[in-house]
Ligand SMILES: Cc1cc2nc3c(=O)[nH]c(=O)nc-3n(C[C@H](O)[C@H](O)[C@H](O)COP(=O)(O)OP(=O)(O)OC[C@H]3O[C@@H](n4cnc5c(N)ncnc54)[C@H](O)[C@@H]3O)c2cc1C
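Single chain ahead, by itself, as structure tokens, in the form predicted on its own.
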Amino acid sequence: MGQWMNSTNLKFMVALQWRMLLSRPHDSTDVYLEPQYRGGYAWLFPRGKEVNIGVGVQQGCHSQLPGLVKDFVQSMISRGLVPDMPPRAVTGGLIPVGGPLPVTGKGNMMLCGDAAGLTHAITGGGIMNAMVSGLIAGRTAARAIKEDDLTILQQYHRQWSDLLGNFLKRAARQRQIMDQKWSEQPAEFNKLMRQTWIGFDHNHR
């Protein structure tokens, strides 16, 4: 649909994730920021007796992903968090990180969630934004049908932007800084993470 509107995502993070059993209970969601995960990070997301273990990197580093994930999983095996066995499932894909698209509605079409670039450009997270934008799109479409007026759909872009726009545009600016200043040097890398990563308070005020 985005191609029909001449409005598509152009910048992506590439992710690869293994679903594995947990060897012991683990309640925290863990994020690992390391220079080798260029433009991204590694994660461990528990889900009951299982856990999602994955790595995301900027698009140009996609060929490194299988090795990075294997090494990361091996470190979790060494810690005793997961058993030394094949994954129960493997998933992966592209995550848009270029910020919100300037056009998310045209004619009788509306783009929501990832299709509209409504993911956080640093973390790649987008479930909440997809739900919010989808709800707004649904309500806008229902009103347009009820009033038999397709011009009402033009309000969609402004409505989601009022709620999410500033937050996501700030993340996109931080992504630009991250990509430009990524460093293998520990001191510079730590400084960059503090400047851009959402986990530090000043980066999401």
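Because the structure is a prediction, the values reported are computed rather than measured. In this text, residue numbers run from 1 along the sequence as written.
Although it is not shown, the form predicted in complex with the ligand is what the next lines describe.
- Although the partner is absent here, residue 113 lies within 4.5 Å of the ligand in the predicted complex, judged by heavy atoms.
- The ligand in the predicted complex is not approached by residue 104, whose heavy atoms all lie more than 4.5 angstroms from it.
- Although the partner is absent here, residue 127 sits close enough that one of its heavy atoms falls within 4.5 Å of the ligand in the predicted complex.
- Heavy atoms of residue 45 reach within 4.5 Å of the ligand in the predicted complex, making it an interface residue.
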